[in-house]
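Presented as structure tokens, the chain that follows is alone, the form predicted on its own.
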């Protein structure tokens, strides 16, 4: 192998694929990154056996070749090189020592044969569709945090994606909260709309994907016929992931359709007051209390956000609210509130409640594509 490649391109590619490198693994070769010449490009691949990331970058290829090298060592070395000269990568025939040269810096890195590297599975059959990159990134941000992080119920560690009627609906839930985003798909091509299907994608996979998405362009998604793997393809990046088997809960029946009180408030002000209350809630089981009061005589109502902890102290903050319905009180976990308020775009939202023991619902105003349900916490008022 003999390749010349711009330092910034190589560093960027290594930064991307390194996200798939496990910190620990019983299989040493997966701590490496696979380097393979591919026509006039260099292909980099990394995997943790659950996801695989592949990046292609343009390069001057003088001799073909392939090898795997330690991902962390190679990435850290390349990132420190000066970018005014190309990185020269050389692998002599029948050698496992990769020579990396740039300007006045040079290193020899011991590698492992490419044949030992796990084969990245292909996704060639099944369903295919196109997703708008910007919309998908927003959908991931608004849903992925709600997926469960413990594997007591493995299916809840995934984000449920259901495609039907020109919409991809993403849902995440952990038993205490539910986030649902409806993403409209681009107009169907001449091949027609994809057949309805649903899959459970690991939340970590979508978290990786969200970091790769740009403000424009499209993402190609493919799911194999057995519903065991999915592929996401960007311009020069491919991500292949295993899917989570099992039946996702029927979350639609968990979304309240009526309310006794509806308060319209500013997202920014609500988040600000919740962060303040969370300081006191740390020593009070993380509980934040909300008290909604309608206005009198046509005046604005209010939303009071408070927290208290025995032997520590308490706080109260208040923001204006346009209130429909009766006064209400409800308590939530402060972290759950901060998580959802932090991902919503600036503007107004509606907080809908039906009593202190029923779930609360948050809906961004002007965006009917998102709804968030939070289970209440039981407190003594």
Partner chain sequence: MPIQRLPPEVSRQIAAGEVVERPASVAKELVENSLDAGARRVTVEMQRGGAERLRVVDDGCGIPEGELELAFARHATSKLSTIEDLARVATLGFRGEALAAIAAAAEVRCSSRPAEQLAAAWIRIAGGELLGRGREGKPHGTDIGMTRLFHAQPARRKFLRSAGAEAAAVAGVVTRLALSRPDVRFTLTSDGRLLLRTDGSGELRDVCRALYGSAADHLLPVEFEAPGVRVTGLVSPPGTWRGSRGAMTVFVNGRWVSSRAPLFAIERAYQDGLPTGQHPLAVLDVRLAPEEVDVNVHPAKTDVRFRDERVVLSALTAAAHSAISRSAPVPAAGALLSGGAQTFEGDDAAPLRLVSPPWAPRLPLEEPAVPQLPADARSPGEAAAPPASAGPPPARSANGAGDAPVAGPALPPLRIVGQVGATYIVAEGPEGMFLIDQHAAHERVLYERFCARPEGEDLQPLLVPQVCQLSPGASAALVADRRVLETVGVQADPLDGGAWLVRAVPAPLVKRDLSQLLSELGALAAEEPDLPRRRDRSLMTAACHASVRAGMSLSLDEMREIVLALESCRQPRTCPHGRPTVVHVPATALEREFRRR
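From a predicted model like this one, the values you see are computed outputs, not experimental measurements. Numbering follows the first chain given and starts at 1.
One more form of this protein exists, namely the form predicted together with the partner chain; it is left out here, but the text below deals with it.
With the partner chain left out of view, choose which of 349, 323, 35, 51 has a non-hydrogen atom within 4.5 angstroms of it in the predicted bound form.
That would be 51.
Identify which of 282, 264, 233, 272 has a heavy atom within 4.5 Å of the partner chain in the predicted bound form; exactly one of them does.
Among 282, 264, 233, 272, a heavy atom within 4.5 Å of the partner chain in the predicted bound form occurs only for 282.
Within 4.5 Å, heavy atoms only, one stretch in 313-321, 62-70, 35-43, 333-341 touches the partner chain in the predicted bound form. Which?
After filtering at 4.5 Å, what remains is 333-341.
120, 229 and 254 each touching the partner chain in the predicted bound form (heavy atom, 4.5 Å)
All three within 4.5 Å in the predicted bound form.
So in the predicted bound form, does residue 137 come within 4.5 Å of the partner chain, heavy atom to heavy atom?
No.
With heavy atoms only and a cut-off of 4.5 Å, decide whether residue 19 touches the partner chain in the predicted bound form.
Although the partner chain is absent here, residue 19 would touch it in the predicted bound form, with heavy atoms inside 4.5 Å.
Touches the partner chain in the predicted bound form: residue 242 (any heavy atom, 4.5 Å):
Contact check for residue 242: yes, within 4.5 Å of the partner chain in the predicted bound form.
Does the partner chain come within 4.5 Å of any heavy atom of residue 186 in the predicted bound form?
Because no heavy atom of residue 186 falls inside 4.5 Å of the partner chain in the predicted bound form, the answer is no.
Contacts with the partner chain in the predicted bound form - residues in 353-374 whose heavy atoms fall within 4.5 Å:
If the 4.5 Å heavy-atom criterion is applied to the partner chain in the predicted bound form, 353-374 yields 359, 373.
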